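Take a look at this one chain, the form predicted on its own, written out in structure tokens.
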Amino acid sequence: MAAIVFDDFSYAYDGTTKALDGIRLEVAKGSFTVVAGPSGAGKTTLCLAACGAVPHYFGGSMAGAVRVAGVDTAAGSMGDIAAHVGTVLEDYESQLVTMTVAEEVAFTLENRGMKHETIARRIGEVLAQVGLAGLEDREVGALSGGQKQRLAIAAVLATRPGILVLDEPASALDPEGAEELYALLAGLNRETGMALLVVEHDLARVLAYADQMVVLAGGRVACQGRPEDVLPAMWRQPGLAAMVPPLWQIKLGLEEKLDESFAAWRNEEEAAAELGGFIAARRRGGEKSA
């Protein structure tokens, strides 16, 4: 059973203009799926549909279905869905409702009737995971934007969901903080088998981790699949080419110019190693022909 299935799913907030149109998408258990696309493509709506807020909270009209861990989101309650999926939306501050860091993490766990000892242990574990250890008594209002975003993620992780949906989770972080966050998420994905559905506009941040990319345009899926298949497809579409990570813009540009094929680079180190070997081989070939 897949973690999330969008089965020919369409949705309109006002009943007429479709925010999503005929979405067919499967997020496998344990996958790290990244969603990208231009502004207004439907990325946030996709997240809202995955957590059941669409249609339960926003109303509107829909066709098709979304199933989360086998639960039909239209037929199941928000509680049924929340048992499987944790969500951190782009407006993460709206999810913070208590006075202190520890209280924020404890809030949902207390509502689920967990024992005090379990809650205390979970608080320590997740705050350490997101880099907020030692700030248990800090007032939420005194945190930086990046710390608040990490706290929102920690509060969701404390419930130990099998699926985590994040809309632009690094939006309030500097480059170093974004790198640390995605390394954390990738570690959770790898170690726990948690499925991730992540909206990210800067694909360079997730290039090392994603095993599936989905690109939306105009509410439809423009392309989806493995990064090594999706990025070339984006490169060939004028409206999407600028979103290709710089590393892959170099790779694809060189392949066109040199009529060569390079590996599916995940980082600059892989690129440098292959290009170094390629240049050395070309030089050796030139010396032999001379």
Partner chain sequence: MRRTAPLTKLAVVLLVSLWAMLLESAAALGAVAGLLLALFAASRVPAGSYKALGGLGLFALALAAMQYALGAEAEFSLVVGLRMATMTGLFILLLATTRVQDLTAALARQLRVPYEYAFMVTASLRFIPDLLTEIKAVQEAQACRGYAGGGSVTRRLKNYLTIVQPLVLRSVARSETMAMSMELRGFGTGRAGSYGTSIALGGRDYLALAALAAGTAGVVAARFYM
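Residue numbers count along the first chain shown, from 1. What you see is a predicted model; the values in this text were computed from it and never measured.
There is another form of the same protein, the form predicted in complex with its partner chain; it is not shown, and what comes next is about it.
(message) in the predicted complex, does every one of 149, 178 and 206 come within 4.5 Å of its partner chain, counting any heavy atom?
(response) Checked in the predicted complex: no contact with its partner chain for any of the three.
(message) Just to be sure I understand the contacts: of 155, 216, 196, 213, which is the one whose heavy atoms reach within 4.5 angstroms of its partner chain in the predicted complex?
(response) Among 155, 216, 196, 213, a heavy atom within 4.5 Å of its partner chain in the predicted complex occurs only for 155.
(request) Would you mind picking the one in 79, 145, 134, 187 that has a heavy atom within 4.5 Å of its partner chain in the predicted complex? (result) Looking at the other structure, the residue within range turns out to be 79.
(message) Can you tell me which of 198-206, 100-108, 126-134, 67-75 lies within 4.5 Å of its partner chain in the predicted complex, counting heavy atoms only?
(response) That would be stretch 100-108.
(message) Under a 4.5 Å heavy atom criterion, is residue 48 part of the interface with its partner chain in the predicted complex?
(response) Yes, residue 48 lies within 4.5 Å of its partner chain in the predicted complex.
(message) Quick check on residue 171: any heavy atom within 4.5 Å of its partner chain in the predicted complex?
(response) Contact with its partner chain, no.
(request) May I ask you to check whether residue 140 falls inside a 4.5 Å heavy atom distance of its partner chain in the predicted complex? (result) Contact with its partner chain, yes.
(request) Mark residue 191 yes when one of its heavy atoms lies within 4.5 Å of a heavy atom of its partner chain in the predicted complex, and no otherwise. (result) Contact with its partner chain, no.
(request) Taking only heavy atoms into account, state which residues of 44-63 are within 4.5 Å of its partner chain in the predicted complex, ordered by sequence. (result) 48, 51, 53, 57, 58 sit within 4.5 Å of the partner.
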